[in-house]
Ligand SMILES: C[S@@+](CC[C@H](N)C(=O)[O-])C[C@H]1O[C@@H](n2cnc3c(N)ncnc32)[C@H](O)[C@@H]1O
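Before any questions on how it binds or moves, here is one chain, the form predicted on its own, in structure tokens.
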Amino acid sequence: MTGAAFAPPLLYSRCWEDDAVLRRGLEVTPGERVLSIASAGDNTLALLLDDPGEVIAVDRNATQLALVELKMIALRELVLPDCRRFLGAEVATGEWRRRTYARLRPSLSERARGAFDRRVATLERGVLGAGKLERYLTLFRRAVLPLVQTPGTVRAMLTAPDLATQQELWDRRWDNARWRALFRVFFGRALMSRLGRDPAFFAQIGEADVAESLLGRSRRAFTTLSVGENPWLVWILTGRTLPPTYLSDAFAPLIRSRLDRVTLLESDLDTVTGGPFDAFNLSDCLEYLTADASDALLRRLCDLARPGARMLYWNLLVPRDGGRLRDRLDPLDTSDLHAADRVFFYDRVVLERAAPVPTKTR
């Protein structure tokens, strides 16, 4: 049962996939229908910039859907600076956020009220830092980062004028023995499954060294991407929020005008109906599944897809794609998307196009 009687945990309060990569890969055109993993809602809302006819935001976690609804209601009913302050992208007092929630509450569904009436203290602190993953990364910033980098080194990395300077800082000051040792402990499987991610995420990883994989990818973040312009890295290192697309001065007004095109759906992805869809934002959901279950889900989604529909998703630690479904899915090159991906810890961006249903021969 969902709503007031039961509110599952909030796993993510921000989307940890790059919405610029998502939009560039899916290339949604006006009027198209999109099926999107809801997660924290940021990427679902960003897709409205491309003028879809409808976006179905699906999630099995009712609290994640409540968060998306809260963001949408705040964006619709508050002026943009107040929306940023309420959600936690800018500074505000807890009392002000509590009063603002009371103002927004009548516009929320029973599900959303049930989720947040019991989380008023969370709202007072700013909901953008409230997810399990965000609290884990906040612990890293407060407890681990000061042990391995001085404030001056962090500041120098954030204000480096170019990638060459970042590379030099990485080589000379950042990539030290303490950084590597504590990174391996903090981002190891044991601690991350307890404090950072849903333990089910690790079921398909096998014997892979989680921390070593992420440590290797951290180098890319600090040497090939602009640290000071990367919203995800800036927040991890400082706690300061660079406004995400849906809260930015440039894009929020247009997104606000199209909020009525979003439908929130509490469901498992493999039971969704209501196709056909032209584009699919699948986040990294296939990593939770066995290879056979992943194939079955992709085949099920192909049944909901128009010919030519695009499916985009990420691989973090588990390789998943439609390689065994080449009768239904055609792979597209994503090397440029991966190179531009500001959420640095993914191993691969996967983009596939739905082929026409094969004609049965007698």
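Quick caveat: nothing in here was measured; it's all calculated off a predicted structure. Note that residue numbering follows the sequence shown and begins at 1.
Separately, the form predicted together with the ligand exists; it is not shown, and the next lines address it.
Of the residues given (Asp171, Asp162, Asp268, Asp260), Asp268 alone sits with a heavy atom within 4.5 Å of the ligand in the predicted complex. Note on the partner interface in the predicted complex: the residue among Gln166, Thr245, Asn230, Ser283 having a heavy atom within 4.5 angstroms of the ligand is Ser283.
The ligand is not shown here, but in the predicted complex it comes within 4.5 Å of a heavy atom of Arg60. In the predicted complex, none of the heavy atoms of Asp19 sits within 4.5 Å of a heavy atom of the ligand.
Taking the partner from elsewhere, Arg180 is found to have every heavy atom lying beyond 4.5 Å of the ligand in the predicted complex.
For the chain shown alone, Leu133 is a contact residue for the ligand in the predicted complex, at least one non-hydrogen atom being within 4.5 angstroms.
Look at 298-306, 48-56, 329-337, 33-41: in the predicted complex, residues with non-hydrogen atoms within 4.5 angstroms of the ligand sit in 33-41.
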